[in-house]
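The chain below stands alone and is given as structure tokens, in the form predicted on its own.
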């Protein structure tokens, strides 16, 4: 009887220990990185938003180290409207979509053009900015006035952008890729390439601000018409909230205020969906 009781006692202890281990294990498995369902200070959840802070005036690092720019202000305003706590994460532009697919970030705002190819990998919000590509050349250049005139020329582009895609269409072009648009534009200013194909607002801002001197836009006519969107993983539960917040900003005039702050002009009328 004594042995039997001791056996029963040890069995109960063992069962108790196993139960404790299971509870601890399941608790640890549930304590990973917060997702959009995590409650933030705004009460509606945390949204981890990727951006590449080397694309002024859309996103860049301010003198104090904080992120500044049109995209940054807009995303914060969307968060306020949608009740989302926005937390930015800096990433290289060509690493943003892989991060969305891996689930390490919940969204991305980085002057990203809505394209059919990208839409196969991620979901986009409604368009939040109308843009297009422009050709930048040195101020004294007169021979480059169109995409055709870039044949056999040296072209600098930012890796992973629609500008890089457009440059591939030029026959005989010698294409050099850079991690950021400012680096590509600086390469042009240094005389190491003949042109840069880049988003027109960013190129014009770089010329107007004087950050990179001796450049001009080759022609007033844009190479493309593009729309930027906020990218999210496929079937993201936050897509509807972001779209609702963005629409509210457009309707209540807050979007116009942010646009005028950074571009000193009236914004273009935006469609509900981007033509692909």
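Numbering follows the first chain given and starts at 1. Just so you know, these numbers come straight off a predicted model, no measurement behind them.
There is also a form predicted in complex with glutamine; it is not shown, and the following applies to it.
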query	finding
Contact label in the model of the complex: residue 199 to glutamine, heavy atom within 4.5 Å	yes
4.5 Å heavy atom contact, residue 70 and glutamine in the model of the complex	no
Glutamine contact at residue 136 in the model of the complex, heavy atom, 4.5 Å	no
is_contact(residue 156, glutamine) in the model of the complex, heavy atom dist at most 4.5 Å	no
Partner-facing stretch of 186 to 194, 72 to 80, 136 to 144, 157 to 165, counted where any non-hydrogen atom is within 4.5 angstroms of glutamine in the model of the complex	157 to 165
Selected contact from 111, 107, 84, 150, since only one has a non-hydrogen atom within 4.5 angstroms of glutamine in the model of the complex	111
Those residues of 54 to 87 which, in the model of the complex, come within 4.5 Å of glutamine by heavy atom	55
